[in-house]
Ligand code: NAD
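The data below hold one chain only, encoded as C-alpha cells and taken in the form predicted on its own.
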C-alpha cells in the first residue's frame, strides 16, 4: 500500500464545496477546515460565505469563498479553475448545492419547477465534475462526493421533481464511478434523511418529533455535521477502495419498516 493511501486526514489537500453558505454545505466546509484541508466555499452571491470563510480563517484554518450559481456553466469553469490555482491543487469535489422542489404533477408551475430542480440538483453535478476533472486527475487521491437524498430511494407525496433529480444523482454517481475507476478517482453518493437544516426549518418541531419517532431507528432528526463527517470519510485518501456507493445517512429511516 502506498503511503498516501493510508492517510486518514485531508490535511494539506483542497476541497471545493458547493452550497457552503448554510446547512450541510456549511457544516461540510467547517469539518474539512478543522481537519486541515484548504476549503473553497461556494454559494450564491447573497449567501454569507465570505463571513463563514473569514470565521474559519480566524480560527487558523485555510478557507476562501467564491460566489457561484451552479446553473451558470461558464461560472462553474471559472471558479473551479480559480480554486485550483489559489490552492495549487484540487483533490475533492463535494456537490452539495440544492433546493426544494415540491409540486403536484398537475400544477401549472410543474414544468418550471421540474426544469429548475434538474438544473440545480443534477445537471450542475455533472458540470462541476467535468470542470474539476482535469485537476482531480493530478491528485494522488481524487474524490467526488455527490449529495442526493433518501428521496432518491423512496418518495414523498407531490415531490416528483426533487425525487427524480436526486435519483438521477445516484445513477450519475454509479456511472462515473465505473468510468473514472481506472484512474483511481472515487465517486460516491450520500443520501441524507431528515436533517436539521434551513430546508426543514419550516416544519414545526412537534411534527419533526412525530416523524422521527415513527420513521427513524434513532428517533430523531440528524444534524448537518453528522452528514459532513460521512462526506469527509469518503474523501480521505484511505478511502481508496470505496466507490460507486449510495450511502443513506438517515438515522435508520430506510431500514425501518415499523
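Keep in mind the model is a prediction, meaning the values are calculated, not measured. Residue numbers count along the first chain shown, from 1.
The form predicted in complex with the named molecule is left out here; the points below concern that form.
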May I ask whether 39, 84 and 142 each come within 4.5 Å of the named molecule in the model of the complex, counting any non-hydrogen atom? no
Although the named molecule is absent from this view, report whether residue 237 comes within 4.5 Å of it in the model of the complex, heavy atoms only. no
If you check in the model of the complex, is residue 163 within 4.5 Å of the named molecule, heavy atoms only? no
Under a 4.5 Å heavy atom criterion, is residue 218 part of the interface with the named molecule in the model of the complex? no
Flag residue 93 as yes or no: does it have a non-hydrogen atom within 4.5 angstroms of any non-hydrogen atom of the named molecule in the model of the complex? no
Can you work out which of 225, 64, 69, 35 has a heavy atom no more than 4.5 Å from the named molecule in the model of the complex? 69
Heavy atom within 4.5 Å of the named molecule in the model of the complex, from candidates 97, 79, 117, 187, belongs to 97
Based on heavy atom distances of at most 4.5 Å to the named molecule in the model of the complex, which listed stretch, 85-93, 175-183, 130-138, 98-106, is the contact stretch? 98-106
Who in 181-208 is close to the named molecule in the model of the complex, meaning a heavy atom within 4.5 Å? 192, 193, 194, 195, 197, 198, 199, 200
